[in-house]
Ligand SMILES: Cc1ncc(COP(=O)(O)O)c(C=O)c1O
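Shown next as structure tokens: one chain only, the form predicted alone.
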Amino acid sequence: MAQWTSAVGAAQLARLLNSQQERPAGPGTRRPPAYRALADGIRLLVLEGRVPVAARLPAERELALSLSVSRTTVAAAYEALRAEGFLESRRGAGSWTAVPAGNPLPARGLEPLPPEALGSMIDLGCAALPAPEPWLTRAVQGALEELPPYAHTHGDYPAGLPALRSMLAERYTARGIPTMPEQIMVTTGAMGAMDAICHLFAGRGERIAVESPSYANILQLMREAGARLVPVAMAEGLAGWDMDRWRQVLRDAAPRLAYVVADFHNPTGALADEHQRRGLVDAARSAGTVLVVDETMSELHLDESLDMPRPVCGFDPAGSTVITVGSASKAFWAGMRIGWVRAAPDVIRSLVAARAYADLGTPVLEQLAVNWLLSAGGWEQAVEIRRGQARENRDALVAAVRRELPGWDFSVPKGGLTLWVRTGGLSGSRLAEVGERVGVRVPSGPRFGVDGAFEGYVRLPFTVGGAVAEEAAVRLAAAARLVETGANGGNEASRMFVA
């Protein structure tokens, strides 16, 4: 399914090019010709997702004026990009960005390796931690004690157990978001929630705006539903959303849905501030776009001094624009497949009605376990254990990567479970391939993009710590050396960013 075609204006492209950090040249290295520097700058913007694939570029004359260079320089840069597969042109139709035809796109989302298949492999493919005991065992025991009355029923609760719906509504109310149980539907994890929302709101061919990068499994779910994905680049660093881009996309593309992770974004770890949250809700409301907010990472704030922003749904008191998705999978345990949707009552009724043709309902025992945790006070203690694990792992992984791979670049997030790492000019796809050969499994950057962007990135979840984190960094460094030297079938494509 072809994606929506955006346009990048001359002034906007000039601003993006001027914002790029100039890479230090080695001793005796001569500066490239102006056209080559311009071509490399545009190529880097495409590979890093700053300019979407299939975006129409400005005419040569317009860009030359904005950059204060000759038209000949721009023409030569465009010709170089066409020769390298990063630009396509058609007479009378202009030029638009592309990725080389030989650059394979990941065909699947991210699936964890089964425990019995791990062996000596360090698996950094899945951003999930072991269960926080003893709270998992206590929750299951508590659920078994409360099960008998439910066992005398048919066991199907399409909207979720009334007790859990009430408990989740109370928690939103306690956060300053008045919520009724009728505004909650319990789902089989956040993926089950997103699947239901996409089927209700975004039929085949509908546009869905997504952050770029975004969570790989959700992107794949949307692709398989037949959606036309509209990527919106994140702001630099961990600064949340680029609001100018969001306003432009919502206005011009008018997507039916927009999917965002406001709290410790997966994969970048970014945290959107309150100004951005209010602005995005207002822009979505004006465009008639339903804004789906994924809160699965919201409780994993790791810096004690951090003052968390207000939930995005707090800027939509009428509930007409924002649908919120939550889950126990990241904050508690991935094996606890309990998620939920908070939305207006009429939306919940529609989702529940549609569920009759999907999974009918969520397992009762797991719902009782989560309800026991929330009502007995075990949830907060379990999540505090989880935060401690993630904090220690984050600090260990950050130190190890900085020591073993000093040329790799990343910002340290204040929460969540992932580092988004720029790999010093190496191909993330090749690193992922070679990494498995040396015993470390990492997902490459393009898995988190829409059309082949982010080749120079990998995602590193801080799900291991101590000696394992140190060994993971050692193996990644070994993989990087193999890719850089072209061993194991490497080639020039292994160094995607080096002119």
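The numbering used is simple: start at 1 and walk along the sequence shown. Since the structure is predicted, the reported quantities are computational estimates derived from the model, not experimental observations.
Here the subject shifts to the form predicted in complex with the named molecule, a form of this protein not shown in this document.
Original post:
Are all three residues 301, 385 and 389 in contact with the named molecule in the predicted complex, where contact means a non-hydrogen atom within 4.5 Å?
Top reply: Not one of the three qualifies.
Subject >> Single option in 198, 168, 218, 421 placed near the named molecule in the predicted complex, where near means a heavy atom within 4.5 Å >> reply: The residue from 198, 168, 218, 421 that makes the contact is 218.
Original post:
Which one, 321, 97, 266, 367, lies within 4.5 Å of the named molecule in the predicted complex by heavy atoms?
Top reply: Spelling it out, the residue with a heavy atom inside the cut-off is 266.
**OP:** Using the partner position in the predicted complex, report whether residue 294 sits within 4.5 Å of the named molecule, counting heavy atoms only.
**Re:** Contact with the named molecule, yes.
Original post:
Does the named molecule get within 4.5 angstroms of any non-hydrogen atom of residue 327 in the predicted complex?
Top reply: Residue 327: yes, in contact with the named molecule in the predicted complex.
**OP:** Decide whether residue 332 counts as a contact residue for the named molecule in the predicted complex under a heavy atom distance cut-off of 4.5 Å.
**Re:** Because no heavy atom of residue 332 falls inside 4.5 Å of the named molecule in the predicted complex, the answer is no.
Original post:
Taking heavy atoms and a 4.5 Å cut-off, does residue 159 contact the named molecule in the predicted complex?
Top reply: Contact check for residue 159: no, nothing within 4.5 Å of the named molecule in the predicted complex.
**OP:** Select, from the options 133-141, 370-378, 254-262, 406-414, the stretch whose residues sit within 4.5 angstroms of the named molecule in the predicted complex by heavy atom distance.
**Re:** Looking at the other structure, the answer is 254-262.
Original post:
Can you tell me which residues in 168-207 come within 4.5 angstroms of the named molecule in the predicted complex, by heavy atoms?
Top reply: Read in sequence order, the residues that approach the named molecule (within 4.5 Å, in the predicted complex) are 189, 190, 191.
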